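First, one chain by itself: the form predicted alone, in structure tokens.
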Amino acid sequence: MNFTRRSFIKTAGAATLASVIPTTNILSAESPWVANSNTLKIGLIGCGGRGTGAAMEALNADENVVLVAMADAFADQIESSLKTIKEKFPQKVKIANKFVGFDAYQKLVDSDVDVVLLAAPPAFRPSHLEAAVNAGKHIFCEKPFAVDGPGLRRVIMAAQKAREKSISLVCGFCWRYHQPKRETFNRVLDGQIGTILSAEATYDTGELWFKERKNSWTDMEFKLRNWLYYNWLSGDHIVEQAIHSIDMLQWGMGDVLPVRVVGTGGRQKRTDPKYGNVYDHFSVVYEYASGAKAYMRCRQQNNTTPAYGVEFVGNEGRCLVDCRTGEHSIIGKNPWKYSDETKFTDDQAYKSKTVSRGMYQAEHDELFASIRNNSPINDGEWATRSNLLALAGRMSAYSGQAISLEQALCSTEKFFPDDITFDTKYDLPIAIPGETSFK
């Protein structure tokens, strides 16, 4: 495939936001359910915490939905997830198949399901997405979508194929489904702060979970259960976690791709071998053809000041979005502040009888409404751009070199091996800026 920046922009098209309004009411977890010809059958691939949450949100999105199949590399993950889901939706869990192993995803998409939820570690996403699209299933696909350039190109092609087949594809950039941010970014895109001159995005947080090794685990099982810490499984935390801030940055910039990326990063605090080969901090500058620059910073270090949000500075004002405090405001020529946000805990979101049910639920509300209304959603166009920016930031930081978006998209470096087993021995060295080459 001959990918260039120009052809990528041409094939991706203009970014659009989902606008389908749910037509179904909320179903109480205690309501009786009876299968019929209109029942939508769900299959879950990847039964960790995010997959479990996605399954419950999917069951809560439509009155006539049932979970019938689950797939994961580990049987214990399936059982733990199933127990949690059953506690919330005992009437809507009708498991016919549990698939275990590296080929479990293919068995699930080949089974009698209508909608698949893709929530396995990111490295598996290209294969899982391709299989789901080829099988004609509607899809919820968690972010990120690829850990390297070759994988992202596969996702781009799968998303285009989904559009051609009228398959709904909703991606897990949850802030795009958050009503306060929709209203805020619409105002930025409408010119309320004028021409954007600069922007800043942050995702500074503490360290995440770690699972201690058991004697029965092989080296590959240990790494799979701690996939966050291996860039060939997660993409590193700029791709796996901070991509949310990068996506908001892209959103505010009108989903226009920058022309040049300069990044840095490293490991200062998480130097123990148990943290695999990932960095604990990144800093990236995205340079746009307009002359605007966007500054992105992220870190995962305990006992440090947190920050999570985006800020845009225009020639007529400034927009601030703070994901920690809930602030959504514009200062300057056209001042504005969002003040009607309804906040939910996860449990309240499931039980709420209101239309505004939080961003995670909104993703599934709009997905299932699009299926019912025969009005397919496809988030692939703008979502793959955000993934590309995250990859480009990591590539520049790892190599210490300035790179273009075309170079990032056309990168030949393949992180994830084609075939693995639990006995596979595989790893990649820790990147050293100035020594690690860009490929």
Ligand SMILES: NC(=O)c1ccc[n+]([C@@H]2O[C@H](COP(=O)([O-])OP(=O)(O)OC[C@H]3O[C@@H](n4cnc5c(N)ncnc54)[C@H](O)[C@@H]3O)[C@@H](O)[C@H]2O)c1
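Small disclaimer: the values here were computed from a predicted structure and weren't measured. Residue numbers here begin at 1 and follow the sequence given.
The same protein also exists as the form predicted together with the named molecule; that form is not shown, yet it is the one meant from here on.
For the three marked residues, 257, 288 and 438, no heavy atom of any sits within 4.5 Å of the named molecule in the model of the complex.
Note that among 61-69, 369-377, 46-54, 391-399, the stretch whose heavy atoms approach the named molecule to within 4.5 Å in the model of the complex is 46-54. For the residues 217, 210, 336, 74, the 4.5 Å heavy atom test against the named molecule in the model of the complex is passed only by 74. The contact residue chosen from 299, 244, 137, 357 relative to the named molecule in the model of the complex is 244, the criterion being a non-hydrogen atom within 4.5 angstroms. For residue 102, a non-hydrogen atom is located within 4.5 Å of the named molecule in the model of the complex, even though that partner is not displayed. Although the partner is absent from this view, residue 124 contacts the named molecule in the model of the complex, with a non-hydrogen atom inside 4.5 angstroms.
In the model of the complex, the named molecule sits within 4.5 Å of a heavy atom of residue 142. Among residues of the shown chain, residue 200 is not one whose heavy atoms approach the named molecule to within 4.5 Å in the model of the complex. In the model of the complex, the residues of 152-189 lying within 4.5 Å of the named molecule by at least one heavy atom are, in order, 172, 174.
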